[in-house]
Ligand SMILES: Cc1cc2nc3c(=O)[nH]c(=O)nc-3n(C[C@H](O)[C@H](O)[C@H](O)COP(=O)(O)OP(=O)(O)OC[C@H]3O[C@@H](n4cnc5c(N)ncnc54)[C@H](O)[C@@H]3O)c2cc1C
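This document opens with one chain alone, in structure tokens, the form predicted on its own.
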């Protein structure tokens, strides 16, 4: 079976990996270089932000993916020589008003959640200047350094025999009855048994001539990277819509804005100033360290943050795996497994109904 995957972000490449390991032939078509959009731009946190705010459909994908990540990261490092820097940092959430909802969620999903007072938060993260008296601590939350993860994933797919067509935007499809007969780019047509759209924020644009269309829109997020000494920040911290992610080498990533600017991906001085002030408010020591990088990415938002995973209702051989919003990294392994099961006709471990085109999303 030959399958075309449109999009070489984490959703596309993880889907391709599942298919290749099952013995399929895979061609990946990408509008630019592999792994350079939101998969590269995010924080690499292997947990939804405020997971109790999400539907069970999101939490189920997250739970399955979290179980898969330790072995996945180890396999990628061994097979490619590129360390994705899987690191159990824990997640400290400063949201005391949401304690009841958080506790209920933790009980439902059997997650280790601890309620901390100010002194306990200080013991866990000594350089944090908390704006609240109480925090929620998720000690099992890990991270990957997503740019390194994407590089490792790209190399492994090449080793597995994936055919990459890069810097070649898809311009449309040819149809034959209830099937996609060809995927079109500017210079040629590509033929396959099945097609999976994994083009993130561009998924709705990709399917603009089909009905129904997924309700996926781009949402810009801007990020800062501080060049600090190791140990300056030790824990992933979440406050309001902003998060702090300490990397193994001491660098500290701080994000993120939520901007509805369409497909405009440019950075702005206003966002840089806002993020910098928020960062030093939480971690005053960061004022002594330079900002090494400032960038923006486009997240693929969807209603309720529930991704679209499954067969298109109009075409028998057209599938989608997109719309993960801020949770692309944490949802990727389970989402890829689900779409691969559907494409290959295997029994699914997860009920696909909540992720379908016609599913109700809040």
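Numbering follows the first chain given and starts at 1. Every value quoted in this text rests on a predicted model; they were computed, and no experiment measured them.
One more form of this protein exists, namely the form predicted together with the named molecule; it is left out here, but the text below deals with it.
Do residue 169 and the named molecule share at least one heavy atom pair within 4.5 Å in the predicted complex?
-> Contact check for residue 169: yes, within 4.5 Å of the named molecule in the predicted complex.
Contact test in the predicted complex: residue 329 vs the named molecule, heavy atoms, 4.5 Å = Residue-level check for residue 329: yes, a contact with the named molecule.
Residue 313: touches the named molecule in the predicted complex, heavy atom cutoff 4.5 angstroms = Residue-level check for residue 313: no, no contact with the named molecule.
Might residue 228 be said to contact the named molecule in the predicted complex, defining contact as any heavy atom within 4.5 Å?
-> No, residue 228 stays farther than 4.5 Å from the named molecule in the predicted complex.
Partner-proximal stretch of 304 to 312, 57 to 65, 40 to 48, 333 to 341 relative to the named molecule in the predicted complex, 4.5 angstroms, heavy atom = Result for this chain: 40 to 48.
Have a look at 198, 195, 153, 233 for me and say which one sits with a heavy atom within 4.5 Å of the named molecule in the predicted complex.
-> Contact with the named molecule in the predicted complex is made by 198 alone.
What are the residues of 283 to 309, in order along the chain, with a heavy atom within 4.5 Å of the named molecule in the predicted complex?
-> 297, 298, 299, 300, in sequence order.
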